[in-house]
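Okay, here we've got a single chain as structure tokens, the form predicted alone, with questions on binding and movement later.
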Amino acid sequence: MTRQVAVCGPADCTRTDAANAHRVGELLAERGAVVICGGGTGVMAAVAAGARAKGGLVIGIRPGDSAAGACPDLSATIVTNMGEARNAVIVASADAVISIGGSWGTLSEVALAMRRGDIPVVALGGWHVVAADGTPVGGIHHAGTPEEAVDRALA
């Protein structure tokens, strides 16, 4: 069965996040995984470009009422007209989630994935969630490289 991996991250990302996302896309495609993302700019565009460069399949889940603004490397675009609520569709469709970098939308996707409780959630840079007393919230796997992130997501 083909694995579907959601890759989440900010539309306005750093060069490091974009490079990591591109490499994650390449690695996921090489391993036969379908990439699901928000289909926009930043991390989303970078992971889509990486996956497509290696012949991968990339599904973009868009927030608006049209495909306008979708990145060019998507294999298919799903228009939801749900705004940020589309994050629930992205996470519900995934067998694993990799977050790269951090934004409020990315944090919502990580939280939704953690609430599912039945899929790996991997963070490459970005969010380190801690409780009010400063202790780390368990369950999120932190990766130092794109290779480690993909290995953990597909384990």
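When you see a residue number, it is the position in the sequence shown, counting from 1. Bear in mind that the values here come from a model prediction, so they are computed numbers and not experimental data.
The protein also exists as the form predicted in complex with a further copy of the same chain; that form is not presented, and the subsequent description refers to it.
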- [ ] Examine Gly126 and determine whether its closest non-hydrogen atom to a further copy of the same chain in the predicted bound form is within 4.5 angstroms.
- [x] yes
Open item on the list: I'd like to know whether Ala49 contacts a further copy of the same chain in the predicted bound form, with contact meaning heavy atoms within 4.5 angstroms.
Closed with: no
Task: Residue contact check: Gly40 to a further copy of the same chain in the predicted bound form, 4.5 Å heavy atom - done: no
- [ ] Spell out, yes or no, whether the shortest heavy atom distance between Ser99 and a further copy of the same chain in the predicted bound form is within 4.5 Å.
- [x] no
TODO: Any residue of 90 to 108 with a heavy atom within 4.5 Å of a further copy of the same chain in the predicted bound form counts; write them all down in order.
DONE: Ala92, Ser93, Trp104, Gly105, Leu107, Ser108
